[in-house]
Structure formats: structure tokens, C-alpha cells
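Take a look at this single chain in C-alpha cells; it is the form predicted on its own.
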């Protein structure tokens, strides 16, 4: 689910950048450092604006200036039970991996409907029901998140395509 979140971060600036457009440089560095990163339970998708840039404090010994910047960001926090659209990235006999934006998902063969079987003889290897459903790399899918795991800078999920309206998306 997407949220608009007020956040704060400290940004350091090298003395060679001191001058008239220092606040613009601080904002640019903030965007470069923060957008697209995982911040624990959520991903920072985009920075909307900065609303509070403090006066710079010179750090002793290095000459760098440190600014505290308040900003609003669009964040995405996946929840257990949430349904997301994903793209399959690899398929193996135990299940398949998929990518839902920055989130990496694994869907186990136990969480795939019984009529869909792994076919190792196909090129590329795939899960198929020998009719209209084929799951191979680059297949667009709708997956329900059933578990999440977070570490510093990374997030993984376990998903399922057992259920109504889950599985391959027909173009």
C-alpha cells in the first residue's frame, strides 16, 4: 500500500559545493541517496518535496557541512494479505521467483493450484496446466503476499497464486 510519509535525514555536503545554490545541492543529494531505497518496513518510491532544510553545521576535522532535511516521500509498504501484480523472473521445480516493483517474491510449488504442474522439458522450463496458463520468465502474474521478511536494506516475500483471480494475467 502506498503512503505519503514525513521523514527526516542528515545530508553532508563537501566544502567545494558551498555557495549560492547549496540548498538545491542538498536536495539533489537527498534525492540521489534516498529514492528507490528500502528503509526497513517500506520502500521510498519518490520524494515529493523538502520542507525544512536546517542551517549547515561544519563537522570538525573534515570540513563537511551537515544539514538536517525534512521531506515528504511516497513510500510503499507491502502487507501480509495484500495482492500485487508481479513479473516472473525465474522458474524451478520448487516454485518461481517474481518481482513486484522492488519486492522479490517466491511462490512455492505448494502454493500453486494442483492442476498447474512443472514441465522441465519445455523451453524455458515452466509451470503449466497444458491449456491457457503458462508461468515462465517474464509472465505477468497476480500474487497474494502471505509472508514478509525484512533485513537492513532488503525485503523478501512469500506469495501464493491459490485463490480466485490470482495467477497469470491475460493480455
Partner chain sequence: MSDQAHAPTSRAKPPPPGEEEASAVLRLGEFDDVDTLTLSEASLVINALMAKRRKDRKDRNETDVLNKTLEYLDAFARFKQKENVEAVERLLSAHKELTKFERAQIGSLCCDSADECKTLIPSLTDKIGDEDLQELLDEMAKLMTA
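Since we're looking at a predicted model, the values are computed, not measured. Positions refer to the first chain, counted from 1.
As for the form predicted in complex with the partner chain, it is not shown, yet the points below apply to it.
Put simply, of 64, 134, 45, 111 only one has a heavy atom within 4.5 Å of the partner chain in the model of the complex, and it is 45.
Contact between residue 91 and the partner chain in the model of the complex is not found at the 4.5 Å heavy atom cutoff. Mapping the unseen interface onto this chain, residue 36 counts among the residues with a heavy atom inside 4.5 Å of the partner chain in the model of the complex. Heavy atoms of residue 117 never reach within 4.5 Å of the partner chain in the model of the complex, leaving it off the interface. Within 4.5 Å of any heavy atom of the partner chain in the model of the complex lies no heavy atom of residue 125. Contact residues in stretch 139-165 (any heavy atom within 4.5 Å of the partner chain, taken in the model of the complex) are 140, 142, 164, 165.
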